[in-house]
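Below, in structure tokens: the form predicted on its own, a single chain.
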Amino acid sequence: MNSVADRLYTIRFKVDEKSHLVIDDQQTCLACKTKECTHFCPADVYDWHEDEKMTSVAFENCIECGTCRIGCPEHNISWVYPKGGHGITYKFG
């Protein structure tokens, strides 16, 4: 069976210049003890930087599964579909 990384390799992206994922308040991330977004995202979009006390968002890796929309316990992530013509293309539709 293929690993998640192998399967993600078959996905193609057309990246927009502007992120469709936004951290609403970095102070909320700072207060979050579990940093769950760094664990539940299958595409490793979110990364906590202890030295900068902030969560970065690599929206270019997003597979539009929407997990972050419901997974953040503080509802601190704004998620919308990428604008038309951008986003993910799956190999089999």
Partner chain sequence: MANEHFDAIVVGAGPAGSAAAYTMAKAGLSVVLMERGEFAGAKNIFGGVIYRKQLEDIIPEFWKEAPLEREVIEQRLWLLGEQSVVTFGHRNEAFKQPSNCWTGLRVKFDQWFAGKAEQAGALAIYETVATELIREGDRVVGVRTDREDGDLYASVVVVADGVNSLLGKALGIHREWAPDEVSLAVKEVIALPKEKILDRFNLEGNEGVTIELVGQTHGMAGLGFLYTNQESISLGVGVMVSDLKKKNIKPYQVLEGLKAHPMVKRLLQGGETKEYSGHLIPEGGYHSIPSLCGNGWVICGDAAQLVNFVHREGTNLAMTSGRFAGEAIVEAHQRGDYSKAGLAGYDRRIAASFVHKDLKKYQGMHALLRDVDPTIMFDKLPYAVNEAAYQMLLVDGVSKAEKQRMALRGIKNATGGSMNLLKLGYKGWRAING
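Numbering follows the first chain given and starts at 1. The term rigid core refers to the maximal set of C-alpha atoms that superpose within 1.5 Å between the two forms. Just so it is clear, the model here is predicted, and its values are computed rather than measured.
Omitted here: the form predicted in complex with its partner chain. The next part is about that form.
Looking at Cys65, you'd find a heavy atom of it within 4.5 angstroms of its partner chain in the model of the complex. Taking the partner from the other structure, its partner chain in the model of the complex has no heavy atom within 4.5 Å of any heavy atom of Thr28. At least one heavy atom of Arg69 is located within 4.5 Å of its partner chain in the model of the complex. Using a 4.5 angstroms limit between non-hydrogen atoms, Ile11 touches its partner chain in the model of the complex. Residues Glu36, Thr38, His39, Phe40, Cys41, Pro42, Asp44 are the members of 21-44 with a non-hydrogen atom no more than 4.5 angstroms from its partner chain in the model of the complex. Taking 2 Å as the criterion, Tyr81 does not count as shifted between the shown form and the other one: its C-alpha moves by less than this amount when the rigid core is aligned.
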